[in-house]
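Read the single chain below, which is given as structure tokens and is the form predicted on its own.
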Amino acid sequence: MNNRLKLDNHPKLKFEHKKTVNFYYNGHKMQGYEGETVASALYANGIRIFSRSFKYHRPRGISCNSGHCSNCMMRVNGIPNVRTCSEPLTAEMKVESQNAWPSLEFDIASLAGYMDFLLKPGFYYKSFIRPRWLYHIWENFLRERAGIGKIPEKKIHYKQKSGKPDVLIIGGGIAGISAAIHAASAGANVLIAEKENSLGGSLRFQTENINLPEIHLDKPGYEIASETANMLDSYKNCQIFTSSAVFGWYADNIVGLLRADEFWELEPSSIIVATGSYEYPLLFKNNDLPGIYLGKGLMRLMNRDGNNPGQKAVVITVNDYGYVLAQQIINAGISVKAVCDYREENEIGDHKTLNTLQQAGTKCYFDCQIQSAIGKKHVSGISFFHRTNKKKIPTQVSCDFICTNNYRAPANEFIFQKNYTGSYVMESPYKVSRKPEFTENMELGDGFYVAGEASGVIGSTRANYLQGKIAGLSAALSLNVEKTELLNGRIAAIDALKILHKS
């Protein structure tokens, strides 16, 4: 492990690493910290290419760092297609790359990229169907190249368990924590399930101050995440499942959940979906190069995992949050060479952060159109031009990593799995959202609620907290708990949320 690749001298964060353990990557012995993600340990050992694309075998690196994409999938302890960005590291773990030969660094199949004019979409269905007897030979070859991993060496056995919580909360960000606190404080038996290894969601890696007046907190996001999770931990009637995946909702209101080697069949009385949102990638040439990160993926890499992404950054953004990301990169002691904003300068709302960045030497470009990321196996720069420039003369900025910040999409698949009504909304030229229909009590249907960004309202931390409070109190009231203070608390939270949306 190369300690120079760790941010151990971060001016705001103190990283508490567990004991050092050995693990093996493609047969090579490496070291990492027990409990950190496999991707984090590999990154600290200098690995930048984590997979190869299906068709042209282009190099892929860490991108979302949250288990939502396939960029970091590897074979771990004989199990294929493990998302290493969310898999905790253990001693003597065996990690192997997939879909590349002889190695990820040099994959002979990447030569297919030079023959893209021959390999048109669907070519494998059109070019190998005759003679028919030869098709099955081609079929086996194409499957071998598909990169879906080899069958596990051993059968996976799960212990079957069941539970009947009063309230099941899916998602452990600030909305889910708020819902759990208020439902548990009302006396409901709560189970909160979070796919990451600790509660807090995106707040865990935010260093900017956030004001939550409802619980008298005005602190950096990571401190709020820690304190609210500790508040929830004090309730004996609340079970906390981390590193858990809720994967389906079935007949008779049965919900399936996987947790380590356990398969749970849950039958909750009420369900609150607080699964947050996804980041859209920005579209431009070479946007899949290693060293290009989604905004919150980069924050996880730096502020959660304590890894140093590089020395020179470029931030590409379509909204004000890009300037917050740039400031957090600078807070980590890294230079931001440029911010490329798709908008015109008069559309900027956060002038205070913009001025701070400019005073720190960051160049801010507006009305940008990204032409291409520069590099082959890793990003080395960005090329863009201004839309008002009729000659389309590109500007190039050298960098060793790029942070992209696009609009976010609500992660509400679980809601629509049960055919709850909603609509698609074109919110901007860059964003289409699928929003469910819910009441002011955050209710979607009988005993079914939504909170936070999964509702389709991508707002502030305070708004997410209030929605969680409303959903948690509503779920408790649906259990026929007759408490006037619960009704009054819900009404007050609804009023506060309305005022917040108006402002």
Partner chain sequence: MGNNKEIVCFCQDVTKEDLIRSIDEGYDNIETLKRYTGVFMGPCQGKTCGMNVLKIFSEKSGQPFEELKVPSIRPPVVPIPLGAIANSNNGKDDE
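Numbering follows the first chain given and starts at 1. Nothing here was measured: the structure is a model prediction, and the numbers come from that model.
Absent from the display: the form predicted together with the partner chain. The rest refers to it.
- You can rule out all but one of 346-354, 257-265, 386-394, 202-210: in the model of the complex, only 257-265 has residues with a heavy atom within 4.5 Å of the partner chain.
- Across the proposed site, Tyr222, Phe366 and Lys469 without exception lack any heavy atom within 4.5 Å of the partner chain in the model of the complex.
- Using a 4.5 Å cutoff between non-hydrogen atoms, Asn71 counts as a contact of the partner chain in the model of the complex.
- Though the partner is left out of this view, Ser478 does not reach within 4.5 Å of the partner chain in the model of the complex, counting heavy atoms only.
- Shown alone here, Asp288 lies within 4.5 Å of the partner chain in the model of the complex, counting heavy atoms only.
- Although the partner is absent here, Phe106 lies well away from the partner chain in the model of the complex, with no heavy atom inside 4.5 Å.
- Though the partner chain is absent from this view, in the model of the complex it lies within 4.5 Å of a heavy atom of just one residue from Asp233, Glu92, Asp218, Glu413, which is Glu413.
- In terms of contact with the partner chain in the model of the complex, the residue from Gln311, Gln160, Ser398, Gln359 that brings a heavy atom within 4.5 Å is Gln160.
- Annotation for 44-64: interface residues with the partner chain in the model of the complex are Ser53, Phe54, Lys55, Tyr56, His57, Arg58, Arg60 [heavy atom within 4.5 Å].
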